[in-house]
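One chain follows as structure tokens, the form predicted on its own.
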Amino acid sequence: MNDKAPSGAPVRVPRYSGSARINHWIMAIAFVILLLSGLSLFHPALFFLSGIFGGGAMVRWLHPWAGVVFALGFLMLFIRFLPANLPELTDFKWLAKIRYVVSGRDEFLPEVGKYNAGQKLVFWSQAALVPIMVVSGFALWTPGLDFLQSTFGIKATMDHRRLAAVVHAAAAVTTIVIWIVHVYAAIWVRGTLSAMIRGSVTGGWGWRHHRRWLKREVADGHVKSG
């Protein structure tokens, strides 16, 4: 596909609206806060990280509230991006050719929509992990425990809290690993990160990585120059 408009300006295709980008970056900021504050609470050797936020008392207050922001942000993102992340036959074909993804040989991959199978796996793994972290986090948070007891009559025992701590930590570590892969892929595939900053991608990027999505955008008249 020609990546230039007749005027010579780059052809750009809208990919993310302003509200979607704000949603994403609020989640990203909340996640970084959760990552650093959570690590400071995870092990005494990492407690020095609490100094970033002003000490242990602030971390114990900030971490759960950052979790609330992250969870609400993900809920909105889930609703917004769910239709584009539904599994389809092309996803299995894409996964079967994962070696070409790793080697950067996109010409051997099937045409995909707005998200490929790897991106969908990130989406659905987070859809499973975020509720787990929310529920287990509630069992470790005093206001959360008070709410559960006063509203539903649920009282967490010490054994429940110990189990919640293990589950919360396991889910958090898994989420961090997925987040690292997500960020690496966004940097590795040139143009992906700028899409979440500018809100649009070049026609050439769309043709190479998400051709079926690009064709639909062209058919709908969403392609512009400049």
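One-based numbering along the sequence shown. Please read all numbers here as calculations on a predicted model, not as lab measurements.
Just so it is clear, the following notes concern the form predicted together with a small molecule, a form of the same protein that is not shown.
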Looking at the partner-bound form in the predicted complex, is F138 within 4.5 Å of the small molecule by any heavy atom? yes
Using heavy atoms and a 4.5 Å limit, would one call A186 a contact residue for the small molecule in the predicted complex? no
Can you tell me if H182 lies within 4.5 angstroms of the small molecule in the predicted complex, counting non-hydrogen atoms only? no
Check whether F53 has any heavy atom within 4.5 Å of a heavy atom of the small molecule in the predicted complex, and answer yes or no. no
Residue within 4.5 Å of the small molecule in the predicted complex by heavy atom, from A169, A195, I26, L49, is A169
The single option of V134, L109, L121, L145 touching the small molecule in the predicted complex, heavy atom within 4.5 Å: V134
Per contact check vs the small molecule in the predicted complex (non-hydrogen atom within 4.5 angstroms), the hit among 67 to 75, 152 to 160, 90 to 98, 112 to 120 is 67 to 75
